[in-house]
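Shown next as C-alpha cells: one chain only, the form predicted alone.
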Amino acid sequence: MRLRTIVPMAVGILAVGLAGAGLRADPVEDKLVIDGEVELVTRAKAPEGHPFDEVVSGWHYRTDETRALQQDSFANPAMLYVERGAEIWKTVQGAAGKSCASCHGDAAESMKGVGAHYPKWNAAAGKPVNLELQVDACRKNNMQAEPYKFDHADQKALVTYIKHQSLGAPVAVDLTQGAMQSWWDKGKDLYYTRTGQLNLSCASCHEQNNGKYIRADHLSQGNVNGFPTYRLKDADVVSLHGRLRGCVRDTRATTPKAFSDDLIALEVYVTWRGTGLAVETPAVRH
C-alpha cells in the first residue's frame, strides 16, 4: 500500500521540480574556443520543422568550471581517450593482419568531417548505421577481427578519436539517403512518446522544460554533437547509446538494447535536431 502512494508522489514532486518557474535559467552567453585557437559554432539556425528557432549546444548550459574543462585540451580528461584511439587506429588486429590505418591512412585526413554525417544509410544492412556499427563492420569484414562488445573501452576510444577528427565540422545528417526519412519519422515518434513509471519522454525534459533545473542539473536542448562525451557524473567517457539507455532507465522503463532499431532511429532524429552545430567531441558535460 505504501509503495502505491510513494510512486505517484515521486512523479508529482518531479513535475513540480520541472515546472517551477523560479528554477529557470537561460543558457550562458559565451564562445567555445578550444585552446584559444579554434572557435566552434554552438548556436545555429534550426532546420525547417524543428521545434526551436535556434539550436544551442549543451555547452552553454554547463557551469563555468565545466565549460573551461572543454576549452583546454590539456584539462579535458576525455583527450586520454583520443590518445588511446590514435594507438588503436595504428594497431594491427584480426586474421587479415590489418589496422584501421592500413585502409584509411592518416585519420586526420581520411576521417576529417566524416563523423559529422553519421548516422548514415547503409544499403547492405538496409538501415542506418552509426560510427560504432561502422567500426564493427570494418573489423569483421576487412580486418577479420571480432566486433567490440558494446561500450568496451577500446570501442569508445576509437569512436572518440574518429569523431574528434571532425572537430568544428557542422552536424549534417542526409535524410535523402535510402529510407533515412522513415527512420527519422520513427525516431521523432519515440522522442515524444512518454515511457516508464515517471511517464516522461525525451521532449519532457529537453523541449518542454528546456532551461529549467532538475536535481541541480540544467536541462539543455539535448543536442548530441559532443558525443562521445566525458560525463563528470560518471568520471568516464559516455557513448551516445549509453546515455540514451540511461535516460530511458531513469524514467523507470525497460532499458532498450544498444544499437536496437529504436535507439538507431532515435539517434537519427536527435542528431538531426542539432543540425548546424559544430562537432565538439569530446565534449565535457555534467
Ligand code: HEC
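Numbers for residues come from their place in the sequence shown, where the first is 1. Computed from a prediction, not measured in an experiment: that's the story for all the values here.
In what follows, reference is made to the form predicted together with heme C, a form of this protein that is not presented.
If you check in the predicted bound form, do 103, 138 and 158 all have a non-hydrogen atom within 4.5 Å of heme C? Verified in the predicted bound form; spot residues all in contact, yes.
Using heavy atoms only and a 4.5 Å cut-off, determine which of 40, 55, 69, 219 is in contact with heme C in the predicted bound form. So the residue touching heme C in the predicted bound form, by this definition, is 219.
Looking at 82, 167, 114, 175, which has any heavy atom no more than 4.5 Å from heme C in the predicted bound form? Exactly one listed residue reaches within 4.5 Å, namely 114.
Residue-level question: is residue 183 within 4.5 Å of heme C in the predicted bound form, judged on heavy atoms? The answer is no: residue 183 has no heavy atom within 4.5 Å of heme C.
Is the gap between residue 134 and heme C in the predicted bound form 4.5 Å or less for some heavy atom pair? Flag for residue 134 set to yes.
Would residue 98 show up as a contact with heme C in the predicted bound form if we use heavy atoms at 4.5 Å? Residue-level check for residue 98: yes, a contact with heme C.
So in the predicted bound form, is heme C close enough to residue 243 to count as touching (4.5 Å, heavy atoms)? Result yes; residue 243 sits at the interface with heme C in the predicted bound form.
Name the stretch, out of 194-202, 74-82, 175-183, 149-157, where some heavy atom lies within 4.5 Å of heme C in the predicted bound form. It is the stretch 194-202.
Along 243-264, which positions have a non-hydrogen atom within 4.5 Å of heme C in the predicted bound form? Contacts from 243-264: 243, 244, 247, 248, 251.
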